[in-house]
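In the block that follows, a single chain appears as structure tokens, in the form predicted on its own.
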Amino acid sequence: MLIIAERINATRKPIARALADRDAAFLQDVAKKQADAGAHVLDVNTALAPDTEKGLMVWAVEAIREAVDTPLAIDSASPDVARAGLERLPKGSAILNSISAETGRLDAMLPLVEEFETRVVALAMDDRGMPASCDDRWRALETIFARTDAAGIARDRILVDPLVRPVATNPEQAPQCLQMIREIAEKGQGAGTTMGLSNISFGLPERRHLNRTFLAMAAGAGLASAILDPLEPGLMATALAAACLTGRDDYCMAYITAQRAGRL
């Protein structure tokens, strides 16, 4: 399972302070800890404010690259900001987070996927807003897939995000997301799935129990990737165990290596 670490995000208060203060040491420490915990990709979101996001993205990418060689996911709704981040990374190394079928967004972001040869997170939504059903998600994905196929972007470069919503307020959405993960695995012609895991537990106590259980359930449904906090106790162990039990870890070598490194 591809683990995309979520901590370097401007919505987190410590990261917002580090960005505002240009505290490279703090940001680099967070990057190192996530990489050491076993994350395969580090998400980078610098959206403190529209007028500072681009400059902060450039600064953050350069600071993180000085500390770790872990691939990065450039996380921005702005094509200009996304380009600024991608320009500072080796071609073909990054993930663009994200595209959707919303008017204008696909036209603006898809050329970046082509130019920088990125993998891409595709949000399963269009102008009708957050999807409620698998049909809603497929309607958006059909638009996205038509465009990515026409551009020659292989399906295995696409990670579909079915858009997990909090179970506290949308209890019907957890089964819908699990069903969508199964359907993408069966009918996505090589496309994978990812999700912002912690969204499922928002607003509830002891969130770690929900996060770990939902991760295991999603892995069983065919989840290929997750955007999560690799420093949350037990979460990486759950991801590694799930990879073993779903046949995604040949001879359980990643699990064994993690145990030898003290990461379980």
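Numbers follow the displayed sequence, beginning with 1. Treat the numbers as computed from the prediction; the structure is a model and nothing was measured.
Same protein, other form: the form predicted in complex with another copy of the chain, not shown, and the subject of what follows.
Only one of 52-60, 202-210, 35-43, 65-73 lies within 4.5 Å of another copy of the chain in the model of the complex by heavy atoms, and it is 202-210. Another copy of the chain in the model of the complex is approached by Ala174, whose closest heavy atom lies within 4.5 angstroms of it. The closest non-hydrogen atom of Met125 lies beyond 4.5 Å of another copy of the chain in the model of the complex. Though the partner is left out of this view, Ala224 does not reach within 4.5 Å of another copy of the chain in the model of the complex, counting heavy atoms only. In the model of the complex, another copy of the chain sits within 4.5 Å of a heavy atom of Cys252. Remark: all three candidate residues (Val167, Arg182 and Leu264) come within 4.5 Å of another copy of the chain in the model of the complex, counting heavy atoms only. Shown here without another copy of the chain, the chain has Ala237, Thr238, Ala241, Ala242, Cys244, Leu245, Thr246, Gly247 in 226-250 lying with a heavy atom within 4.5 Å of that partner in the model of the complex.
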